[in-house]
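Provided below as structure tokens are two forms of one protein chain, presented individually as structure 1 and structure 2.
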Structure 1
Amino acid sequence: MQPHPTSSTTDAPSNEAISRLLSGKLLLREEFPLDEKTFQRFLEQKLIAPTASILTKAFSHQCQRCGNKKKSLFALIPCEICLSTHLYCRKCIEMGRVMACQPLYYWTGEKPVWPAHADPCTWEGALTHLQQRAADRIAEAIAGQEKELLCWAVCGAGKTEMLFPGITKALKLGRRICIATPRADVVRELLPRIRRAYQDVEVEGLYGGSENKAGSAQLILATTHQLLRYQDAFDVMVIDEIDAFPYHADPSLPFAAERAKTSASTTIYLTATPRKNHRKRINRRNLPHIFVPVRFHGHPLPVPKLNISFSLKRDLKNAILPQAFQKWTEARETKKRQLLIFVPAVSMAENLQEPLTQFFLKERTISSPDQLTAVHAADPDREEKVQQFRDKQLHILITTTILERGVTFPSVDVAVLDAGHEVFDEAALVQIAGRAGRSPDDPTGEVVFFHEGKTDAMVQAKEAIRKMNHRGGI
């Protein structure tokens, strides 16, 4: 294993480097970047301590790494290592198996001293007035070690930039920061931007598939899953898209995020579409929040149009393009705009590719079949296709909900086919609508929900967008 990259020039890593590498983690033996001899020595010197990996209380168990308590996600293994039959956790097994006979380990040596940077921010952009107001509030919360603050910013408000003053403040105070986000795509997109903004600060990006990273930087960007390996580590925890799947659906993730914070930490939640639990807390005034109702370019959010089509589900099932959709595309104002077409299922994305290609070729929106493709979560070429769409090699992209958030394209129109499907809840529809009109050069963009009958989610999404525009004074 690599010693810490900023360790001293001698061969053996310094104590400080080791403590930066190991403190704040909660790991299985095999995850420790130490040979057996060093590991044993650290144990003897009480620099590392073991802790039970699965706790059993009153007939229920809890995995101490992922928090899993669900009976069906524990199983017995007749273990040939300890020669007894005992529990292991099936929930977090993709990160290495947690077995009852093997403890988790954590660092008990001295805590690292993170550098206090005099002037770490190398970002030269400017914030709008509204962004600045939110950014100042975030920085204030961090400086004052307030427990939590929710930043409710519409899609396209420029939330990353709004974090900069707070991050800068934390770095000046010598604190450790984590920005946790639900998707690896977002870590990959954010990493270069954060590195450019903090050129002299060590920044690391952690996501599944980047597994050999030390995870020892002062500023870490990570998928929420990666937090399962941390404990008592971060003074500032930014949780991006707090309302997004899987954070709100998988109890392991809040469990891990909670444990990864230090006791005097500040947590900043970012969301464009807070869920009920947070809205309730906001209304009861027990969750401090700051609202950013306007996009950075100052234009209103595109309000979706609801477009009914009576045989929609049957048409889609038979890979026929609904009449209403054909009409809309033919009448579309700006055909030069790229088009994102959201569908509720992978199979539909695949089935519609051919008829859509034929249709748009005939309509001359595209000039060759390879200007249109379909993408979904398990697509091995997913990253490449998204990049091609960004580079405008692709003009039309059919997608499942994977592109509902996080990724930004400057100038697109958005169509949702079968918007009444259950996968399109209010938050998803607001996020999807938020893909349009992102660029100051083309801030409008059309958003159309094609449906067979209005759902509450559609109506509420439209209402929520209107309300935000209203609150933004537009």
Structure 2
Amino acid sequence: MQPHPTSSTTDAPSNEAISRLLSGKLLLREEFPLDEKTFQRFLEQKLIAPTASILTKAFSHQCQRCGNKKKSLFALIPCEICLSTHLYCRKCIEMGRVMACQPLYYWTGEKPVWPAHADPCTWEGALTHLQQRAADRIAEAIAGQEKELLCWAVCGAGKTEMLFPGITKALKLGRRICIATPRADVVRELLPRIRRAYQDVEVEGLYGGSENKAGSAQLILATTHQLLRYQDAFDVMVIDEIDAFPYHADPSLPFAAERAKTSASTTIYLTATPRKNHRKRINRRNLPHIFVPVRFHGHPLPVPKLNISFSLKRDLKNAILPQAFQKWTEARETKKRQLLIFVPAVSMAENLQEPLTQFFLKERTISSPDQLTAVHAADPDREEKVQQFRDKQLHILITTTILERGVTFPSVDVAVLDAGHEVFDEAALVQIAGRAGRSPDDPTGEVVFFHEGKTDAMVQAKEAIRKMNHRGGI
């Protein structure tokens, strides 16, 4: 826990500690970890300054926390303090209500001096030749304070490890780093790995429900939503899975990421499936990039099989397992592998749990109903279930797209039921296929798309994987 600067006792935190706690933040009054007396004193000393939370010009508004400009996402609400009605932003309401009559606050005192670490990396692994080439390019961009660099690396290339030389360089130079990702699951996955790699550096993980909310460390892992609380904070911004939902579809998240950076910052984008806008910028040569077409173990990406089932949608609607799926599971190459089953909707995940359990018990793929479950974004036991699957306490996991990327399981087969559904675009299907074959001990997991008719997304995803394998010479 960070110190609470609320008194003048001998245990009160130093100015440097207060600066680290408050600098680079853009917060509502209730979010400041200060009692009212201390807060007012800091205002009087001009160590904290207010700024308008919602700007109004002519007939338009803009929320200064999330950048929202849509009229439909603003509304009026009675204010208990002013005894009047005021505009508030509905777009970022989950982060706490921003009202026009209540300013946001930011630290105007001295900025913290982050330590320069002589030898911060405690990771003892080794990079492959292609990984090292990408890692060196990332470190070069950070050292030279280049504006941006995109690292395009296939699923399972080892993007996290490729960051280590760049993070190390930044820490040696006394810079502050944020690794931001759209999904909380990815933060939870990466946090212990980064902490093991930098054991003498304070590392914080910020996401909805995270225990530590201080956000005052030199190295921070956060969901991109958490960046809504920062401005002018980070010298190095790593955006992991830049193509993932909701980052690519929610303009408030790039807005927040841009504001959270210092003026001389370097942004590193990581992706296995760059969107069209980034590909266009690469082709026009106005976005520097490094390409890694091979997985760290040197084996090709599993190429998905497309398996048609003419009654698939009707069967799934009635919680009946399609015959094509049953035949495939009975003929799987090895049933020792765990099985990830992707479905397009929460209701389908819940409805299929019982018939899948009964089927796999009868087939003897599982010996107990406790070895199969379903998980989705609103599941309160989501984190525990994913960890149980990782620990192999669960053998089969039914999931929505929340596990399409950023999570690693060493030996799984992957099935997508109703792969033609609109939620499964090309990027999602490529990422889903990338969950298989990630371990050098089992690099050939099966991936099957069950569908009622091929879609462009399925065909393009399969072709993209084949192209990647070809470019990697495998």
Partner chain sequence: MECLWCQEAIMPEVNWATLVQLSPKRSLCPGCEEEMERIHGKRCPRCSKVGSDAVCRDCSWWEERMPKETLAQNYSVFSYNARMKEMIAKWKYRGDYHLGHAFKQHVKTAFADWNFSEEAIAVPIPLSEERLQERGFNQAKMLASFLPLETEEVLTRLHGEKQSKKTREERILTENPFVLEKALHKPVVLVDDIYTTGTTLRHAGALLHALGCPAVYAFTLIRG
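Computed from a predicted structure; not experimentally measured. Between two forms, the rigid core is defined as the largest C-alpha subset superposing within 1.5 Å. Counting starts at 1 with the first residue of structure 1 and goes up one by one along its sequence.
Colleague: Mind telling me which structure is the form predicted alone?
Modeller: It is structure 2; that copy is the form predicted alone.
Colleague: Is the shift of residue 439 between structure 1 and structure 2 large enough to count as movement, that is, does its C-alpha move by 2 Å or more after the core is superposed?
Modeller: No, the C-alpha position differs by under 2 Å between structure 1 and structure 2.
Colleague: Core aligned, does the CA of residue 422 move at least 2 Å between structure 1 and structure 2?
Modeller: Superposed on the core, residue 422 moves its C-alpha less than 2 Å between structure 1 and structure 2.
Colleague: Is residue 41 among the residues whose Cα moves by 2 Å or more between structure 1 and structure 2 after superposition of the rigid core?
Modeller: Residue 41: C-alpha displaced by 2 Å or more between structure 1 and structure 2.
Colleague: After aligning on the rigid core, report the distance the C-alpha of residue 77 travels between structure 1 and structure 2, in angstrom.
Modeller: For residue 77, the alpha-carbon shift amounts to 2.8 Å.
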